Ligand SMILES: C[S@@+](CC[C@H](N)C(=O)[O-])C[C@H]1O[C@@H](n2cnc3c(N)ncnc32)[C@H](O)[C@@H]1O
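Single chain ahead, written as structure tokens, the form predicted alone.
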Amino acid sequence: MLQDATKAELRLCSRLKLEESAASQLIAAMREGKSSRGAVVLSPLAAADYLPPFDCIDTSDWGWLPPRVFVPAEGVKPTAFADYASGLYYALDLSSCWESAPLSVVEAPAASLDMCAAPGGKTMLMAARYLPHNHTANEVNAARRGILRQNMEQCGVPNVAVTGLRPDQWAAEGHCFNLLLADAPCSGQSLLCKGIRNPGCLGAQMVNGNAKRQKGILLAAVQCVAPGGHILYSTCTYDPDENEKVMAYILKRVPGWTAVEVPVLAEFRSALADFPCYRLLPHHGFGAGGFCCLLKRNINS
């Protein structure tokens, strides 16, 4: 596989410091586009003992799977069932569920913000864990904000305000949250592993442009979190410039923040950073992949 790899593919594998076998697996996954793996998260409308009306695989030994999440058996289309239309569950990629696993070490927040929320998967995963009482789901893009609002209403998520402010506007307004989700816009390299065309996503221009944008989002986000509060940063891309290096930039630039260990993700800890952060690749078998890092503001900062 490496013999006929493109320069962009080899560049990415080199930046990830992958051994030959893992590099070949990643390139194959990006070319084949068959790594997507579905999941469903139950909505607040579903009773505590509710089970989806389709076959699901046994996930009891995974350890990191968030609460009220089920993984359909191969070939099942959850969106084809009436319970989906009734809002009893929300369908999303399994990798997104993995990215929310750091919330396992975060107490239920009194106030929370999903800064880049559309179409709503991260808010749904948080609602399944906490059923928050004061949550804001924010999306700048008007069309995507409409989809977000529709999904929240369909799934009966209570106490959610849907807004459309830019990150700098949130910072300027002086809001103070205990938990902020930043599922940041990114180059979306994992889309290739889902069979979705994404021209230029491996190129330096797209990666660098997104990294700059992500840093700006986080520099605003840190101004919106109360002492002792958390930011969960996540992306659906692989390049370290949009992941580990963005986290390193924030930790160096902004005093009073630390990266938090997430025991349930220990096997996924990134070797590309000297602080705890986590990356998922297609060959792990849990979807197309992604990155996550949990930051905490020191109580005295």
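All values derive from a computational prediction rather than experimental measurement. One-based numbering along the sequence shown.
Same protein, other form: the form predicted in complex with this ligand, not shown, and the subject of what follows.
### Query
Of 94, 201, 88, 116, which residue is found within 4.5 angstroms of this ligand in the model of the complex when only non-hydrogen atoms are counted?
Only one option qualifies, and that one is 116.
### Query
Of 129, 175, 144, 215, which residue is found within 4.5 angstroms of this ligand in the model of the complex when only non-hydrogen atoms are counted?
The residue from 129, 175, 144, 215 that makes the contact is 144.
### Message
Only one of these stretches, 135-143, 68-76, 105-113, 225-233, has heavy atoms within 4.5 Å of this ligand in the model of the complex; which one is it?
### Response
That would be stretch 135-143.
### Task
Using the partner position in the model of the complex, report whether residue 156 sits within 4.5 Å of this ligand, counting heavy atoms only.
Taking the distances in the model of the complex, the answer for residue 156 is no, it never comes within 4.5 Å of this ligand.
### Query
With the cut-off set at 4.5 Å between non-hydrogen atoms, does residue 185 touch this ligand in the model of the complex?
Heavy-atom contact with this ligand at 4.5 Å: present for residue 185.
### Query
If we check this ligand in the model of the complex, which of the residues in 149-178 reach within 4.5 angstroms of it by a non-hydrogen atom?
Contacts from 149-178: just 167.
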